[in-house]
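Just the one chain here, laid out as structure tokens, in the form predicted alone.
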Amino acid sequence: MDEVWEAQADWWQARFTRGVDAEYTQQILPLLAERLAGAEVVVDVGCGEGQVARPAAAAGAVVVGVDGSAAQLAEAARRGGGVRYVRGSATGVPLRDAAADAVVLCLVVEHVGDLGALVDEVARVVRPGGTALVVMNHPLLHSPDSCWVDDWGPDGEAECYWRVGPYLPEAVLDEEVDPGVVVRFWHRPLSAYVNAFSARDLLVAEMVEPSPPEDFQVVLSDPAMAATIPRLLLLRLTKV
């Protein structure tokens, strides 16, 4: 997938960085900052242009950002922030064993085909007693064919709901997320992730399912209903 992000680095930077995306500014970055407090060495795997890594460095951690896209890393270096960047992949992190107090995987795991190799690397790089923070699109609510539905109930009243597609079968999806921009997703049930991590002594210490930010809710026909459907899932894992 590195070649996809290489080709679409400009799209990603324009759509999701510098405060443009409400999910990052209102949810992802605050949630991660709170859970990275006190970490001395942080490794951000799939760091992109560094918007997760920079705040961690500003808070006093030594931060290493790892990404497979040269274009993303070049932009990360231009934006500065005191992060050390290195080219590598989620399944081949070029760092020694037990190098980090905390490893971050932000919107990464659903884009990696070899889950076992990814989890092996996380378990190898994080020290015993350390933390892994995994942010992903919610596996249940972003299963294939899931979507917001505006409908009419049997009484003629408007009826809005989130349709959940096939959840348990694993699937590979090539999704056109914007005109001409195709991104590959691997759908897996949540149990696949939890079991893969726990088999490598990374145990779930916390799970967060935040309500979508208001900027997202208001674009749908029933904001009150939209507020009850989490788009993201955060797992805080502890290496035992």
Ligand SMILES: C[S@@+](CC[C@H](N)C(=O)[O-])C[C@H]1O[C@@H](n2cnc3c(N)ncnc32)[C@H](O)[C@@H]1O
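Residues carry their position along the shown sequence, with the first being 1. All values reported here derive from a predicted model rather than from experimental measurement.
Absent from the display: the form predicted together with this ligand. The rest refers to it.
The putative spot formed by Val42, Ala99 and Val122 is not touched by this ligand in the model of the complex; no residue has a non-hydrogen atom within 4.5 angstroms of it.
Looking at 47 to 55, 34 to 42, 198 to 206, 174 to 182, the stretch with residues near this ligand in the model of the complex, meaning non-hydrogen atoms within 4.5 angstroms, turns out to be 47 to 55. In the model of the complex, this ligand lies farther than 4.5 Å from every heavy atom of Met136.
Contact annotation: Gln27 falls outside 4.5 Å of this ligand in the model of the complex, judged by heavy atom distances.
Heavy atoms of Pro213 never reach within 4.5 Å of this ligand in the model of the complex, leaving it off the interface. Residue contact check for Gly88: one or more of its heavy atoms lie within 4.5 Å of this ligand in the model of the complex. Of the residues in 94 to 119, those that come within 4.5 Å of this ligand in the model of the complex through at least one heavy atom are, in sequence order, Cys106, Leu107, Val108, His111, Val112.
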